[in-house]
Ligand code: WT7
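Okay, so here's just one chain, in structure tokens, the form predicted alone.
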């Protein structure tokens, strides 16, 4: 498969970017022409950022799975679509060709229809990283059901919140999942979640770990049994449901600065075009290359760059069930060696974690197949960038340090592999179609180079979110109300003398822990559920491995004799309510937290103390009780 819209030089990039700014509609119409549409659009773009209302490829009809599967069958039917590497290296891997994948998706789409799922229904998917997860996602898209994938590490409460918000009527899960040395009891977590979810009428359970599970008559069915029922019908194809370009494709929940997670909505046409365009260009994907993204499909990276982007481009995408350090810290390098991986896309957290094991696990592994490296989830620090470049890319493979968000649907600011001159720590330049702008606190544009400000985008792009599910006002307030007529990313940013962009981190109360966004309010709400806690305040602090760690300042009802046990109890509470990824790294018990006279917690002060910068707290005289600051400083962990 060739990509006529693939950029081949820095001059072509500059021309494409200029074209995308002077004639955005013409630019994106030209890209979209390379996809299969049942009906072309009447109008490329209709938008305003005030309501907000964004519509791309209006009037167009398509099904994204026809672009990911059907159109490849004639030319790529026997080519691997998905290579799956299991958690246990002793277990056999699986190779699924485009024809196999097409058949499996049609088969499971028919299973969904047999179980009452129809166009517009919301389906919650809570599975481990097995090929059936990708199959379930594509089967939903095939019949026009809206998938809501929930990461397999979330707690029952977090799942219940998401199911209730989307009013899902079907859940797809597994008996359990393997992750490193752990077995995760997915089905029993779902059972706990569903106690509060009367909308769910059917649970389809895929066998993976052979963990004993409870199966409720009339509600729970086995994936394998349902497949057999379809097979007895002679393995019929499943015609793809015709979708409007602006019909919902999926909901993906992301943490907000308030406790309630928000369901980011992406639609069919624009998301397809954007995830494909950014994949093909950022990674300079060449036909038959083996591409390995180490993310989980429970996050946006897995949606855009394991499933939809690569498959719509006819790529070979590698899915990995396990973790980078199991059974040892050489696992990624074993996978690269085993499958002759050409492109490796991973997170700075994983890189920093693997760095800490030294070069022993890397030595004697054949990494010569690697031609391109990528980083995602948070800005990569210079030390990790150089280690990745020197020891994994052998000084030759370019690194794409990609900046984007769940809400953007795809990569926004990034080097183009082998084309954009690199600079460690910098996301460098916007992709064609992306118009970044830096503004000060008042929304005034900060012009020129060698400046910093809050990062906004001033013109729509096809992959952007359309709304937050069931609450459009929340979407407007969160992204479009801070600055007039701009999409506010929530990130601070520097633009250097070369015009390169460097993301400096969140400017709101959202933490970026191991590349996962977690709202401080969400963690505080969970800590406050512990019976002995009066109040808590959570901030981020620099963490060698995770990028940002979670530091919690906690006020207890009464003094505890066993602080360590109380800490463990609080961690258990957070784990149960949100999931292990949100557990604080440090919990400091305090008598009070710094507040203004109106009762607002001064997190700025707590952040400085957590960072070890207690001498530069600024003016504390306006606090209700300035004395608490000294107590906190003395008790810092």
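Residue numbers count along the first chain shown, from 1. Quantities reported herein were computed from a predicted structural model and do not represent experimental measurements.
What follows is about the form predicted in complex with this ligand, which we do not show.
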query	finding
Stretch in contact in the predicted complex with this ligand, which is absent here, among 429 to 437, 298 to 306, 465 to 473, 79 to 87 (heavy atoms within 4.5 Å)	298 to 306
In the predicted complex, the residue from 377, 176, 322, 144 that sits within 4.5 Å of this ligand by heavy atoms	377
Contacting member of 556, 336, 503, 457, with respect to this ligand in the predicted complex [4.5 Å, heavy atom]	503
Heavy atom of residue 121 within 4.5 Å of this ligand in the predicted complex	no
In the predicted complex, residue 517 touching this ligand (heavy atom, 4.5 Å)	yes
Interface membership of residue 402, this ligand in the predicted complex, 4.5 Å heavy atom rule	yes
Contact flag, residue 512 vs this ligand in the predicted complex, heavy atom cut 4.5 Å	yes
